[in-house]
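One chain comes next, on its own, written out as structure tokens in the form predicted on its own.
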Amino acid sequence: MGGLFWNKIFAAVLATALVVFGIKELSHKFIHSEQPETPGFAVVIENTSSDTAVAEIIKEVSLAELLSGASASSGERIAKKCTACHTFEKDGGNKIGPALWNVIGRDAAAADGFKYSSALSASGLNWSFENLNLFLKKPKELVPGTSMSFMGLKKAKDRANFLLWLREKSDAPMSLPAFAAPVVEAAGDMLDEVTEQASSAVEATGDGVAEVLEKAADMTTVPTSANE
């Protein structure tokens, strides 16, 4: 190994380095990449109204549906909050508030001998299930100026339970609002259709498997004689 050998090695290393740096410079010349001011990826979020999003998620349950699943015994427990101001039994007298026997279905401000606020007297309301539900939720919102100081029942289920119990405090209890369940019926129809399609698919699959097995058996049959 003389000096010529080492010169060749040095020349090869130098040539390799020149090629590497040359390729790097050429790539910078022909390929341009713009650097963003702020590193990262921009994520675009569509600005939607929160009220709209909530409305799509939450399904409002109707009063008729709540009443159909309400409990009168639970309503009786809620009614105990009202006994300081009202009576519920037949022939019960007025107290701080009016007597509430036969209240569902009668006109507002119609209890004999009770002095109502001018706001309630002029409201023209009828105590239907719907109006009573709104009044029980927040009296001063339905009838601004009412003298009823009750803060209201915030839970829809509590109001439904109370209304179902209050309905019984009558000489002729009103019929409950009609409640239809089209979603449930549609789901049942869909289930029947899916079941029928699944059964047909299974049957078709079974026929197909049987046909494949039969063809496979024919293809694998071993001849019994040389002439066959």
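Residue positions are given as counts along the sequence shown, with the first one as 1. Please read these numbers as outputs of a predicted model, since none were measured by experiment.
There is also a form predicted in complex with heme C; it is not shown, and the following applies to it.
Of the residues Ala110, Ala72, Ala156, Leu134, just one reaches heme C in the predicted bound form with a heavy atom at 4.5 Å or closer; this is Ala110. Not displayed here, heme C is approached by His86 to within 4.5 Å at the level of heavy atoms in the predicted bound form. Taking the partner from the other structure, heme C in the predicted bound form has no heavy atom within 4.5 Å of any heavy atom of Phe129. Under a 4.5 angstroms non-hydrogen atom cutoff, heme C in the predicted bound form has Gly97 among its neighbouring residues. Among heavy atoms of Lys138, none comes within 4.5 Å of heme C in the predicted bound form.
Residues of 134-156 lying near heme C in the predicted bound form, listed in sequence order, are Phe135, Leu136, Thr146, Ser147, Met148, Ser149, Phe150, Leu153, the criterion being any heavy atom within 4.5 Å.
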